[in-house]
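One chain follows as structure tokens, the form predicted on its own.
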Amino acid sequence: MTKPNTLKVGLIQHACDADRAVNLALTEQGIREASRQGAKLVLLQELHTSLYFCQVEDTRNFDLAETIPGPTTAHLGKLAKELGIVLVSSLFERRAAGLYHNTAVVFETDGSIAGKYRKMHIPDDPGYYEKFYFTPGDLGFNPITTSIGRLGVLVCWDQWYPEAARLMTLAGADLLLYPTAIGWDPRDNEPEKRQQRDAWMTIQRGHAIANGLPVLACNRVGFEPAPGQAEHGSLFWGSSFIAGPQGEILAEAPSGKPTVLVTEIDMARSEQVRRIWPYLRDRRIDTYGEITKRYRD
């Protein structure tokens, strides 16, 4: 596989609706616009075919899940082939009755499924009751090989864990990608909102720096009320961004506006950065055994 020296990438940030067809139409519109602007790799936000249903525990929401391959992968694969792009989607996977995953799917330029990643870290917090819905991933931290490079695809809550980014890097990832659905509680005050958003960006920029890799993070926008509690819910803060291998922001979307964010990445820069900041060389792998413990008592 010959890697391109530069790669134009696109992130599709939009609000979601209860109607799957509306969401897919918005997603397709964004993908086509990113392709029109020259993007060869397009990343979609987490669970882009529905509202963020994990605000509540409700068994009826399992009806939103679908098989992989399935109707959405067929639709997106056809689109990837038509446009000649590598496309990264995030879907609610029905693996079997009672067994579901939060799964990212990567489509090659010919429309085939190049690989998938099942979300490994599953949160269980107010408004984010994902453990009710998702079985932790069992595919490991393995980059997906495509015609434009090896993609280290992770999903949302994974973005807070440096171990996940490092393991993708050690397996040869050329890029780290994070489809995301993260937002504020509208009751939070403005300083708290700024701190949360800044923390979210900082940790992912840190992964870029620590691993010498570009990072793509794609988040949704819009207020989604909690079922039965119209005054409560999640205000998704958008702010999708692309960072270079020193954590530098190459492009950033607004916090509250649907956006097709496209920019060019210098794929040779990781090699240059790693030569002057050789973190992989200087890791003391002989001393890290206790990292696998829950806590050092």
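Numbers follow the displayed sequence, beginning with 1. Bear in mind that the values here come from a model prediction, so they are computed numbers and not experimental data.
The same protein also exists as the form predicted together with another copy of the chain; that form is not shown, yet it is the one meant from here on.
Contact check for Q246: a non-hydrogen atom falls within 4.5 Å of another copy of the chain in the predicted complex. Among heavy atoms of W160, some come within 4.5 Å of another copy of the chain in the predicted complex. Mapping the unseen interface onto this chain, G111 falls outside it, with no heavy atom inside 4.5 Å of another copy of the chain in the predicted complex.
Of the heavy atoms in D185, none are within 4.5 Å of another copy of the chain in the predicted complex. Among the residues V215, V106, L76, I122, the one placing a heavy atom within 4.5 Å of another copy of the chain in the predicted complex is I122. Just one of P225, P71, G84, G206 comes within 4.5 Å of another copy of the chain in the predicted complex, counting any heavy atom, and that one is G206. Residues of just one listed stretch (133-141, 215-223, 89-97, 76-84) have heavy atoms within 4.5 Å of another copy of the chain in the predicted complex: 133-141. Although another copy of the chain is not shown here, in the predicted complex the stretch 183-203 places heavy atoms of E192, Q195, Q196, D198, A199, T202, I203 within 4.5 Å of it, in sequence order.
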